[in-house]
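This document starts with one chain, in the form predicted on its own, laid out as structure tokens.
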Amino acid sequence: MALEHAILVSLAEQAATGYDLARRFDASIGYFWRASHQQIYKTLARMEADGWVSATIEPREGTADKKTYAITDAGREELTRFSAEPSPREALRSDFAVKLRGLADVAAIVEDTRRRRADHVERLDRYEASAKRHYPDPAAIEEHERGAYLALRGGILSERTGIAWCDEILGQLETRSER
């Protein structure tokens, strides 16, 4: 997936300035697709040149003009084309899994696992709070919200799995490191 597609998804939901898009990435999209503010602005310029987005400029006194981007018909066609492509399986590259496989320093891995578990718990709490706030009744989700809801559910399930894996690791290694 290219950053362009993540931006198109966001703009399909609502037109936005580059700043607003960067905030959306920081708040939600960034959990599964990372991009710096600079990358977003550079990509928006390229997408505008390609005709996938259009910009409306609002002049402002004493500060830079406000540029709001919206997805175009060509952008929607690209998003449809992208959505129709089979998604490749994401490659797992994990320093942690390599360390775990080697098990050279059990105490260090136990400590790293505790940190990872805490991170999973923190992110799960954020995801569940978001689900409660935005989707209090999953049976009543409107069709235009379904994709965002399902992506959030994927995050929730992923974090629960991460916690369970850490618990399994700790269950086996904590007793081993005490010997």
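Note that the coordinates shown come from a computational prediction; the quantities given were computed from them, not determined experimentally. Rigid core: the largest C-alpha set superposing within 1.5 Å between the two forms. Each residue number is its position in the shown sequence, starting from 1.
Note that the form predicted together with the DNA isn't included here; everything after this is about it.
Residues with any non-hydrogen atom within 4.5 angstroms of the DNA in the model of the complex fall in just one of 54-62, 118-126, 24-32, 145-153: 54-62. Put simply, R93 is close to the DNA in the model of the complex: some heavy atom of it is within 4.5 Å. The DNA in the model of the complex comes within 4.5 Å of a heavy atom belonging to G18. At least one heavy atom of L3 is located within 4.5 Å of the DNA in the model of the complex. Contact between R114 and the DNA in the model of the complex is not found at the 4.5 Å heavy atom cutoff. Scanning 30-44 for heavy atoms within 4.5 Å of the DNA in the model of the complex gives W33, S36, H37, Q38, Q39, Y41, K42 in sequence order. The two forms, fitted on the rigid core, differ between this form and the one not shown by 2 Å or more at the CA of K66.
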